[in-house]
Each structure stands twice: as C-alpha cells, then as structure tokens.
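Next comes just one chain, in structure tokens: the form predicted alone.
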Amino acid sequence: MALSIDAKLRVALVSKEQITQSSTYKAQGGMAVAVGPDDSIEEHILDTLRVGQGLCRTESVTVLAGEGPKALEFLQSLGADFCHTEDGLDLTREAAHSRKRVVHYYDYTGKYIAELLAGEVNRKSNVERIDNAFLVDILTTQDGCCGCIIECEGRLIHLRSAAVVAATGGYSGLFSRSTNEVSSCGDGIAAAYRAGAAVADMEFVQFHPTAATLSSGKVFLLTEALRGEGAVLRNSEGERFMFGYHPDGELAPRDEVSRAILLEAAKQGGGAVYLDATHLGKEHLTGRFRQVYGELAKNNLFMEHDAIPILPAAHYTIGGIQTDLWGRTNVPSLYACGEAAATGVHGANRLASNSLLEGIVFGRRTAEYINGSFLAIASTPEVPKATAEIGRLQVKMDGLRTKLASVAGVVRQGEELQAMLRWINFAEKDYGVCPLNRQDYHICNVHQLAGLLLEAALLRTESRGAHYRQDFPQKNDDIFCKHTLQQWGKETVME
C-alpha cells in the first residue's frame, strides 16, 4: 500500500515485528490470478463465490478477480520473476480451484513478494519506517480518525495523521496450534474496534489441513500446492480416505479436508494422519518444494520416502475490520486492508491463494482513494473512550490459547463456547492499574478478540464454511445468510 501512496504525501510505516514474522512472509503456495489460456476472470469469480458459501460480497469478489492481472503486472513491474516454463508462467492448482491459476515462486511466494516490496519501500524517500513498535490505540475526534498511539522502546508516542491504514494482519496467533506467530493476534483489529470501527465475521477462522509439528514443537505449514500437484492423505493403515468424505478428495475446500482429517483420526483411535508425497519423487520435491523439503529434512523427514504426520492448524482469519471497496471503514479517515480487513471477498471460507492477491489489490485501491482525497488533520485528538477501561482488565491468560484452540477450533459446540465466554468475561470484574508495557496491551487485545470471536460463533447457530457447529451441523440460508457485525458498546448482530 505504501508504495502506491503519492510521493508528495509523508508516510509512517509502523511495524510490530521483523518482516520474517509476518504472515505474508510465511505464505508458501502463491497468488491466484486468472491469466491461464483456459481460465477467465468469470471462472475465478465463480470458484471464489462457491467456496464462500453464500457470504461473499459479489462486488468485492468481482474487484478481486477483475484486478488480479493488474496486480500481477504491478509486481512484475517491480522485478518479480515468478516460476515459468517455456510456455509462460508455471501455473499450479490448489484446492477448490477449477483451473490452474496459482502464480508462484517455488514454495515461498510470500517471502519472495514481501522482500521485493520491502526493498522498494526502503527506496521511497517519503516513507519513514518505525520498526519494533506496538499499536496501542487509534486516535479519534468527533470528525473521525486523526492518528494513533504506539509504544516504541518503552515510550508511548502519539502519531498525528490525516489518515490511518490498519494493515496489521489477522488473529490466528490467538490459537495454540497455528501456522502464524503468537504476535499475529489482531492488535489492529482490537484498536479499530475500540475506536468505533465495525468488525465483521469474526467467527470465521480458516484452519489449514496439513500442518506438521517439528521436533522443536514448531507448527510448520505444508503448502496446499503439494496436494494440488498430487500428494494424498492417508490414515494410519496407509489407506487414502478423502474420497470417502468429499467427491473432490484432497482438493476439497480446506474446511472439509480439516474436518475429514479429525474424523479419520478419531475413527482410528487417535492415530496419526499422513500427507504422502513419496510418489512425486525427490527431484520434483526438492525443485518445486525446496523450502518445505529443506525444513522437513532438518527434522529427519524426507518426503521422497516418508509420509509426513499432519494435523490442522489455525491459518487465516476471515473476520476483521469491515471495509468498502476502497478500504474505508465506518470511521472517517480510518482504513484497513489485507488480513486485518473484512472486505467480503472470502465469505465463509477463503479460496486458496486469494489472500496475497487481496493484499495487493485492495492495498493499491486504498492508496488510490487516499491519493485522491483532500487530507487535513483533525484537531484535538482524544484518547479512545475504551482505552482506560480495556487497560485496567486483569486478564487470565493461563491456557487461553490452548482453550480457544479446543473450544473454537475446527469443530465447535455451543455449551463449550458459552462456558469459555463466561470464563473470559469473569476477568472484567477484577480491576487493577492501567498497563504500562506492550505485554499488558497484548494481553488485553487477546482477551478482547477472543471474546468477539466467541460471541460471533455463538450467534451463528448453523454450520457454514470455516464455522462448524456440532450442535447445529446444517447450513441455514433463511436466517444466517448474513454477516456478523460487532461495534464497541453495541450488541452483536447479523446484517
């Protein structure tokens, strides 16, 4: 986004962690773009809508797919040279895509794109980077957003600005088993919520079916492109089982595959489920999937002859700050893009490799809107009305991430959701002093976002996409073909 801001405007690019800790950097598979000879933008739209289970905003999906080729051209103009064959781009297929349309750079596309963009940003004279900073809150006046408060090197700093863009990522780090870093806990979403921004669809958390646990205890993603290129799932008896759960087998939508893995594991008494890519051969595996192969090899797992034990892990959060097609929120001068935003493109379940595309497309659109706006800083910023209250909470963090993974994971049940929400809300009765460091603010954000997720999951008494209620296993279009909306001081509603 910063790269597309007018050079006449000054930009402060505030980062919580190093680029290597970001979800973009960790993205393996690629970016979905309809540029293949047998593909079309219309096909990309239809695939996205189908996977979204009735909750995609059609106009958002149309923008995403329609501007995909331009997003690819933008990256190529910066020097991106994605994997290709003699015939052109080497497009691969991932789950729920009807065509090969995933542009990739081996199996570390996110790293490749992130480093490319970071290098370009470092050459922009109008962009000042502030690293190792923590977003505490967003500043507002009665006219809208006018800046933010950050903590940097132990000091609270007020940054005044005519526009604030939250591109702070999702909240998968709330879960104990996640492909994301613990730091990916939705700080920007929490701050925007406290500033009055509407958040939407917080119950929809996508779990990636194939994540391995390394000897260090680290959860490591095994890219979906492996299954797209022929890897299969087997149970402890070595039997391929996915076609018993879904007609598309291993290429079913991620929520379907994740539930099937858990059901198969339970059916065999808890034994391991495996991803088997042995038949793809060492030459192909070490060439195409060099990052995955190398990481597994460090752990004495060799894909050409070892089936890899896997389980689902929290991977991507669909919910976030509600925006329009230009990144605008309901708070004037506050914008959001990337995983922090709920643009409506993913509906109830994200189509694989649409996330990198969303970040590029809607980041550029947000910049375009800001460039064309008259920017003036509002006067007399106020500390957000919620800051003092949320800061005083004494939150019980012991086991919260583990409990959330169990209660609000791939399969959910109403009584358990309600019990955990009561457990979290009990902390609101105990007050202490206002927090003074980022760890205290982090704890408050985790508490707040976990509560929003649980409230939304309780309200949606149906199963749809990434949200599966064991006590309400059917989809109910008559009542729930709507979005969950939450705002500070208001009840959670469906609209």
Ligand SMILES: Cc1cc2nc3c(=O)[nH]c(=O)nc-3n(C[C@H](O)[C@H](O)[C@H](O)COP(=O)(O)OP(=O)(O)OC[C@H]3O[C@@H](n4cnc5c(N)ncnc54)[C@H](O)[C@@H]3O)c2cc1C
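Just count from 1 along the sequence shown to find any residue number. Fair warning: this is a prediction, and the values are worked out from it, not measured in the lab.
Although not depicted, the form predicted in complex with the named molecule is the subject of the following passage.
Contact of residue 407 with the named molecule in the model of the complex (heavy atom, 4.5 Å): Judged by the heavy-atom cut-off of 4.5 Å, residue 407 is well away from the named molecule in the model of the complex.
Test of understanding: in the model of the complex, would residue 484 fall inside 4.5 Å of the named molecule by heavy atoms? Heavy-atom contact with the named molecule at 4.5 Å: absent for residue 484.
I'd like to know if residue 477 sits close to the named molecule in the model of the complex, meaning any non-hydrogen atom pair within 4.5 angstroms. Residue 477: no, not in contact with the named molecule in the model of the complex.
Evaluate residue 29 for contact with the named molecule in the model of the complex, applying a 4.5 angstroms cut-off between non-hydrogen atoms, and reply yes or no. Within the cut-off, so yes.
Which one, 119 to 127, 264 to 272, 354 to 362, 324 to 332, holds residues whose non-hydrogen atoms are within 4.5 Å of the named molecule in the model of the complex? It is the stretch 354 to 362.
Which one of 343, 140, 366, 180 is close to the named molecule in the model of the complex, taking close to mean a heavy atom within 4.5 Å? Looking at the other structure, the residue within range turns out to be 180.
Give a yes or no on whether each residue among 204, 311 and 463 has a heavy atom within 4.5 Å of the named molecule in the model of the complex. No, none of 204, 311 and 463 comes within 4.5 Å of the named molecule in the model of the complex.
Stretch 1 to 34: residues contacting the named molecule in the model of the complex, 4.5 Å heavy atom cut-off: 14, 15, 16, 17, 22, 23, 24, 26, 27, 28, 29, 30 sit within 4.5 Å of the partner.
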